[in-house]
Every structure is written in C-alpha cells, then in structure tokens.
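The chain that follows stands alone, in the form predicted on its own, written as structure tokens.
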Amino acid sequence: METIRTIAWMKEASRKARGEGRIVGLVPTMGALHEGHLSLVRRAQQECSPVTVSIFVNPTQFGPKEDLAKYPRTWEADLQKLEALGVDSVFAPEPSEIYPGGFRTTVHVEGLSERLEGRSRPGHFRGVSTVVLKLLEIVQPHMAYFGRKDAQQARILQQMAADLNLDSEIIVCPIVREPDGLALSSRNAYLKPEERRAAAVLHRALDAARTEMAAGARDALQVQTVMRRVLDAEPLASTDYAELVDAETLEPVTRISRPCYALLAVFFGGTRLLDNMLITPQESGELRFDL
C-alpha cells in the first residue's frame, strides 16, 4: 500500500492507472476509520481497481466553534485497517498542499446547502463541496463512495457532480449501525458512556416513525411528532431538528407521496449526531424503509 502526500504524485498515479484501462475508485475520509468507512472500501474494491482512500481532516468545513483541533486522528490504526483490506493507496496531503497560500476559490451548491445542516453549521457545505471537488479533480476516480448517514451531504455532492459535468460518479452506500442501531460515526468517540447509551434514541425515533408509517400514516407532521416525542423522552438528548424532506430538493414535505428522508440531528452533551431513514413509496401503495 502506497502513501501519497502530494497532488502531483497522486495525479500521476491516477493517470497511469487510467492509461492502463483500469477503473479508479476513491473513498474520501477524514480518518478515524470505523466499519462504516471500511464498508465503503469493500464496495469500492468490488467495482474498482485501484482503490484510493483519502485521509484529510478538512479545515474549511469546521466552524469557528467546532471541533477541528480535537477531531479524532488515528493515523497508525487507520493505515493498519486499510492495509489489511488491501487498499492500493492512501492520499494524505497536508492542509497547505490542498489550500496553498492565495487560495480563493470555493464551491457552493445553492438551494441544497442552506437548510438543515447548512442552517446549523453555516459554511460547512461550502467547505465540503470545495474539498470534494478538489479530491475528484486530483484523483480522477471513475467512482467515489460516500455513506448515506450524511444524506444531505451526499445529495449536495451528487448535484455538484451533475451541475459541473464531472466524470466521477457519486455512489451513496447504506448506513452501518451498531447492534443497538446507532449509526457509526467518528464523533461517537466523543460520547461519555451515559451519552453513548442515550444515543440509541436516534434509531428508536426512526423506528417509531417507520412503525407509524407502516400503519398507514402519510402526514409528515404526524410522523415528525412521533419522532420528536421519542427524542424528547430521552433526558440527555437535545434535538436540533427532526424533519421529513423531499429526497431530491431537501425541502419539507407535507405528505409522504414521493421519496423522502426522515432526518435527525441531536446533541448529546457537546456531541452532535446525525441519522436518517430513506422512505420510498412503492407502486403497491406501501412504503419501503431504508434505515
């Protein structure tokens, strides 16, 4: 497994692979790898060779009061996990390599970036979109793999790729969960033991919504009320939002008649966790639930 530190070196490796007719895959990460990340790597390896995993804690997606300095960095453990999977290369540039002096250009996907996470974390998606575009231009993958836990992010990146006619396809993969239903996240490491136990309420809220809809509920406010009720019953949970939104536009829905997301953002102490469920109406009139 090769560790690549510079843009020029990464570009040359990808050009060589493409010149040989190989299918290049990219899994962008900020490190602190867990099974969710590794599931993306395995999916990429089924469809691509070579596969590059980027490890870059992107400073531009953190707000002034957010956790850039304390974001978990587990470099040696990350390398061991990736080597065990047989990853071809790790792209791990320094911030100055990605954002050299005089850097001025950013990417903003209008209409999808302002609500939900964008409202709670101003500038976050501008940083995400910018760094992902740079990674796609540097690595030139045929396919780039992202987890559905960050559903709004994935939708924004799909729109960016379409709008800018990028050659890379954005592949969105299922959420990986702990036995109690908590979605895997690098930020789970911040939770105190009692907060970790309380965080399972995210999955319970989504499951309660699924039960309500399976019983026939189609009114979005009714379903949101069910989720809120479950979240509010957990003393250690402080809800930022619990909404049903259109899967394409991310705008609120009033009735569940087209594909939509149930999206949650909840604080446990100082740690903010996300979760979601994709809801897809079927021709039979029933709903499909992807948790």
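In case it trips you up, residue 1 is the first one in the sequence shown, and so on. Everything quoted here is computed from the prediction, not taken from an experiment.
Absent from the display: the form predicted in complex with ligand AMP. The rest refers to it.
The three marked residues, G36, Q153 and A183, each reach ligand AMP in the predicted bound form, with a heavy atom inside 4.5 Å. The closest non-hydrogen atom of L68 lies beyond 4.5 Å of ligand AMP in the predicted bound form. The shortest heavy atom separation between Y190 and ligand AMP in the predicted bound form exceeds 4.5 Å. Mapping the unseen interface onto this chain, V176 counts among the residues with a heavy atom inside 4.5 Å of ligand AMP in the predicted bound form.
Not displayed here, ligand AMP is kept clear of F125 by more than 4.5 Å at the level of heavy atoms in the predicted bound form. Contact with ligand AMP in the predicted bound form, defined as a heavy atom within 4.5 Å, holds for exactly one of H203, K134, K149, R121, namely K149. Contact with ligand AMP, judged by heavy atoms within 4.5 Å in the predicted bound form, is confined among 231-239, 257-265, 26-34, 42-50 to 26-34.
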